[in-house]
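Taking the form predicted on its own, here's one chain by itself in structure tokens.
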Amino acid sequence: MQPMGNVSDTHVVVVGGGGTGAAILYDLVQRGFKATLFERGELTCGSTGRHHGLLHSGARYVVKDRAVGRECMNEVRILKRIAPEAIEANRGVFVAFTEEEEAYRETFEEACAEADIPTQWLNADELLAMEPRLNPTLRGGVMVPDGTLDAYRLPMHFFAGARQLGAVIRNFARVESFVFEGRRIAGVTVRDLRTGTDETVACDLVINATGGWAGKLAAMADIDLPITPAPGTMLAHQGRLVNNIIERLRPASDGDILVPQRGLSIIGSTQWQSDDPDDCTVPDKDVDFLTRAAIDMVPDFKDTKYHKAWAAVRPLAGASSTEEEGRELSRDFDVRNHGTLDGVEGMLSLTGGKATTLRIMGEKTVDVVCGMFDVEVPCRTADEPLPNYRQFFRHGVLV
């Protein structure tokens, strides 16, 4: 793609109103681009609004992937600084309930040290004094700087900042098709789902930030995007049983995270694969499994009242044909330039990542955009505090 001159004359359309789309949009307008975001539903209505709210220090993945662990830890430090109102600064404890889990401690702590993730070993008495509802059969645990984030408020901080800088944000606006000039995307056709009317919006670049739906959007441009939509079930009961995130001291697996989220206790999650990211029907067996997993960690869970079970789609970067292959995919993210890789100019797709890494995902994506348009404007999102998420609603209704 050729340089476009003044960056403010370059119009970028972002598709997807979740956390990643919010961070990309904010970074774009902060660097001077003209930007519009389209979301087919309400903002954060997809996977962003459905996860359990764990602010990952990276410890969960660090044994398998030091780079992802280090990146998550760095982003935790940044998010606590730029968006503190969206984060509860509690901690995470990887608890050993079995001899095998206790033996995993050395491997786990060594990996954390290599990724600059601070740890502290707590013996059983110390843990029970801190979290008396834990299963008393525990052997100890490793404390890490995990936390709880608000899945809605965090992206709304970014949306508030984007609107203040002139971004256009349109919800209930579904991208129906792309407008092509040869093999270059030159615009999008958008349907306003409230009025049923269509319009064409010209642009210089489209960024596909639709998460688990990224493959569907890419297919509209005849692009086969390597992505694995991997739904997972979460279960919430009423009552805050712990104040720290409780995790099993073992390689990441199903049903090994208990997250305190306001007045709820959320156990997660499971993982399966789906050809349709809109099909997130919770399997009955998942509820039974997660209930037992929670009781294993906190026996009082059995005495609390069921609140809700739901599923969210992980947008894993890379293709897989089986659930086992999907579990082996990295939790890292990938920015794909379809012009260089697929012969379709004017479109990028972002896949993978975690809620914790939304800011760096935005930064790396906009770095690619700057490179495409020969623009040298540094990212400032790690340095400047975000406006209060409430500011978003003080600028009038969405257009």
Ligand SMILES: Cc1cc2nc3c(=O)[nH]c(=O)nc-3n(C[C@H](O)[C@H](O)[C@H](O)COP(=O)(O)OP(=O)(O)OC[C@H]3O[C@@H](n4cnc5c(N)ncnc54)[C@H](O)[C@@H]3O)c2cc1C
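These figures come from a predicted structure and were not determined experimentally. We number the residues from 1 along the sequence you see.
Below, we refer to the form predicted in complex with the named molecule, which is not included among the displayed structures.
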> So which of 160, 203, 173, 127 gets a non-hydrogen atom within 4.5 Å of the named molecule in the predicted complex?
Replying inline: 173
> Of 115, 294, 230, 317, which one comes within 4.5 Å of the named molecule in the predicted complex, counting heavy atoms only?
Replying inline: 230
>> Tell me which stretch of 62 to 70, 368 to 376, 47 to 55, 337 to 345 has a heavy atom within 4.5 angstroms of the named molecule in the predicted complex.
In response: 47 to 55
> Is it the case that 21, 217 and 353 all touch the named molecule in the predicted complex, with a non-hydrogen atom of each within 4.5 angstroms?
Replying inline: yes
>> in the predicted complex, does residue 15 come within 4.5 Å of the named molecule, counting heavy atoms only?
In response: yes
> Applying a 4.5 Å heavy atom distance criterion, does residue 260 contact the named molecule in the predicted complex?
Replying inline: no
>> Within 4.5 Å, heavy atoms only: does residue 234 come near the named molecule in the predicted complex?
In response: yes
> Taking heavy atoms only, is residue 108 within 4.5 angstroms of the named molecule in the predicted complex?
Replying inline: no
